[in-house]
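Take a look at this one chain, the form predicted alone, written out in structure tokens.
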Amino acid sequence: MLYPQMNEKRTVFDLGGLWDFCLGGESLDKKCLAVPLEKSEKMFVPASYNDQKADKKYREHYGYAYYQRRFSVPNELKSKRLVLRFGAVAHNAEVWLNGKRIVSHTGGFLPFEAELDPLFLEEQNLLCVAVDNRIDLSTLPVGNEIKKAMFGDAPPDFESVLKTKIKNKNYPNFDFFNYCGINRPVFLCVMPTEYISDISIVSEIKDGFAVVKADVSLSKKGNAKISVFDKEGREIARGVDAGSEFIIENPHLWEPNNAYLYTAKVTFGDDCYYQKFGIRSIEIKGEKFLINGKPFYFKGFGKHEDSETRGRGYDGALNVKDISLMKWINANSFRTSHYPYAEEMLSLCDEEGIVVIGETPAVGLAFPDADGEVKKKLDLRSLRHKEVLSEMIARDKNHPCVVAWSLANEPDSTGNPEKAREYFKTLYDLAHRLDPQSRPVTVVACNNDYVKDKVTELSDIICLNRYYGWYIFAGDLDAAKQAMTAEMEYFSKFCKPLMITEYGADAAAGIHSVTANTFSEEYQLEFYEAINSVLDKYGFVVGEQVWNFADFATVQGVMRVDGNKKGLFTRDRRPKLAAHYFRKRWGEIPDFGYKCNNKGE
């Protein structure tokens, strides 16, 4: 799916801004999709609705919410192809225009489109969006339907024992806040009726030159013309027809912290599209992760799309700030934990040379033997997992910053090991089949009894989340180092590259302790020093991504004080002590060749 683009043949209108809004109930109210809302207030788009109002009912809402706005289309554009495009609506969306349903979409982190029929357009068009924020066993991310999980030591039958009934609400089986709404930009796209529908670009680096292949999909049979331009705008190659191959001599390679982007201009009839791309190679070789044939070391973060007021809403200025802070701390990478991030962020990483692992929103997966209604929900979840993986790869396949795909975060792959392995083997094969670049594929694992895990062995690169010294052996860093050493010894037998994709300890900014007690900034720093002293001993460990880049919002509970405090930065992006430690550490670790001898081995 091509990102909306304004050029000499295409026009894009941004439909963001203030929309009319109201909260609804658990059933879809079609009246709110067909006629103007009777009682509404203003809500900004794109942004989550939860924190925009000073009222608890928005933050804890359960069910549908409704957005409306009016827009006009100039008469001279009605002969063109008109496409309404949503960057992401969490979690499920139904969209109506002038009293008619035009599209629905499941999943809150990927784009969807609807082509508009000019015959149904009016002078003032009423656009209505219903947003369903409910999560359960069938959704990604997963909702916990066992309500006891949210109520500590309350007995399973608390409603009868404690004579207490609770209202319906979302119970996330994940540790981040369930921000919802129209979270990413809404565009009205105008293009010729005969158009370029998709572009895939793959490059292969050979001695002194690169072979670049462009595969173009068109709305009808025909020939597309392709020209390739360098960063300075000079045309360096041209061809005709989908599947054209271009030879680029002495190519500039896209590398971490040294990005170079080419542009392919594709023309077809009255349409054209400018697709940026980078020339770089990705390869797993033994225990090394190679970018452009050189052993790469991941330095960076797990992260979240999370900020005050906007929630999970797109914030371009904050993205620029975050990348700047990554460069300040000498990081080179992050994982889109735990869902695909906005396309605009990936494009920024393309430009800035930040390496990205793209992840699906499959958080909280378990694989129980089930029947009846539970089995139906699990089957639906499995289908949706394949769909969201396909949508993510289709959207992000041309981004040079994306070097690997993560199928899921922390699935329970030891409760039913064979079933979990069968489930993920299908997804592994699907990812490699769908990706034109066949990037490495992984599942981010976090199993205490890791010997029973049969999913991790499928990974092209092993990715582990590990919290020895926090959730296990909290406050005992000597025990944490012993446990980490034992685990590294076990995984050394796999003869694959391994990276730590999460490790960390909560630190409440401003809490200091001479004796480095838990929750102090000093303990967070000493935690990282202890674990890194183990990781540094193993050559097959090819990266460290701390959890988390910045503090972030979570559901209420006794495990969290105003959210998760594992950030190296506070939620408003102020550094903690550990940030300065990593700035020095990562400044001394090169992007390439770390832990290698002179031969790169």
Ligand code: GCB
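Just count from 1 along the sequence shown to find any residue number. This structure is a prediction, so every number in the text was calculated from the model and none was measured.
Below, we refer to the form predicted together with the named molecule, which is not included among the displayed structures.
Overlaying the named molecule from its position in the model of the complex leaves no ligand atom within 2.4 angstroms of any backbone or C-beta atom here, which marks the pocket as open. This chain is displayed without the named molecule, yet in the model of the complex the stretch 563-571 from 24-32, 65-73, 563-571, 42-50 comes within 4.5 Å of it by heavy atoms. Contact annotation for Asn465: at least one heavy atom lies within 4.5 Å of the named molecule in the model of the complex. Contact annotation for His338: at least one heavy atom lies within 4.5 Å of the named molecule in the model of the complex. Contact annotation: Tyr471 falls within 4.5 Å of the named molecule in the model of the complex, judged by heavy atom distances. At the 4.5 Å threshold, heavy atoms of Asp132 stay clear of the named molecule in the model of the complex, well away from it. Against the named molecule in the model of the complex, the set Phe86, Asp315 and Glu343 makes no contact: no member has a heavy atom within 4.5 Å. Only one of Asp350, Glu502, Asp322, Asp271 lies close to the named molecule in the model of the complex, with a heavy atom inside 4.5 Å, and it is Glu502. Taking a 4.5 Å heavy atom cutoff to the named molecule in the model of the complex, the contact residue among Asp396, Asp435, Asp306, Glu410 is Glu410. In the model of the complex, the named molecule lies within 4.5 angstroms of at least one heavy atom of each of the following residues of 527-558: Trp547, Phe552, in sequence order.
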